[in-house]
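Before any questions on how it binds or moves, here is one chain, the form predicted alone, in structure tokens.
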């Protein structure tokens, strides 16, 4: 994938003006990732972002109506990128067990930077997804935002992998619950491994998070 130039398309419900169409927009997205990772979402503001990128605050509002909208955009971009990786990595694989194992690796492994995307640092974005993404979902407006399609890419990823689960065991009753539990659980374990390591069994060099969730899924659906 590093030799390909891919384009991740995000629906217009996520922005006022598409940031991918201008150098300022791309700078807003890339610098916001760096600043949210450094400061945390609560301390991040458009005023601080404007200072860093050398632009006034109002110019950022021409792209995103709020920092919450920007966070949702980043989450949608991340899951669109993950969906691309799932499709690319499994398109020529016939065995559903191998496809599911590949998907579980992608969903639970640590992230390395993808040089085919020039203005997004996926490593930092993954850290934001782990630490901050629940703040986008846990709001009073979640139902309205869901109706607007804010989280459709995340849901597509869950359903895509859930269908592979059903290929292996058509009688399995809870494919979407299982996949979403794996995703959120893996994120929690990565967060705990950095900040509350006694809550995990992570060991350096053993890839225990990926191994644990693969073992859990295949034992659950057999």
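These figures come from a predicted structure and were not determined experimentally. Numbering follows the first chain given and starts at 1.
Only in words, not in the display: the form predicted in complex with a further copy of the same chain, which the text now covers.
Contact flag, residue 105 vs a further copy of the same chain in the model of the complex, heavy atom cut 4.5 Å:
Close contact is absent here: in the model of the complex, residue 105 is far from a further copy of the same chain, nothing within 4.5 Å, heavy atoms only.
Would residue 146 show up as a contact with a further copy of the same chain in the model of the complex if we use heavy atoms at 4.5 Å?
Residue 146: contacts a further copy of the same chain in the model of the complex.
In the model of the complex, does residue 209 come within 4.5 Å of a further copy of the same chain, counting heavy atoms only?
Residue 209 belongs to the contact set for a further copy of the same chain.
Taking a further copy of the same chain as it sits in the model of the complex, is residue 20 in contact with it (heavy atom to heavy atom, 4.5 Å or less)?
No, residue 20 is distant from the partner.
If the criterion is a non-hydrogen atom within 4.5 angstroms, does every one of 76, 89 and 119 touch a further copy of the same chain in the model of the complex?
No, because 76, 89 and 119 lack any heavy atom that approaches a further copy of the same chain to within 4.5 Å in the model of the complex.
Sort through 78-86, 105-113, 91-99, 124-132 and report the only stretch with a non-hydrogen atom within 4.5 Å of a further copy of the same chain in the model of the complex.
Contact criterion met by 124-132 only.
Exactly one of 164, 60, 33, 178 has a non-hydrogen atom within 4.5 Å of a further copy of the same chain in the model of the complex; which residue is it?
Result of the distance check: 178.
Using heavy atoms only and a 4.5 Å cut-off, determine which of 26, 68, 159, 48 is in contact with a further copy of the same chain in the model of the complex.
Looking at 26, 68, 159, 48 one by one, just 159 meets the 4.5 Å heavy-atom criterion.
Would you give me the residues of 206-222 that have any heavy atom within 4.5 Å of a further copy of the same chain in the model of the complex, in order from first to last?
Read in sequence order, the residues that approach a further copy of the same chain (within 4.5 Å, in the model of the complex) are 208, 209, 211, 212, 213, 215, 216, 219, 220, 222.
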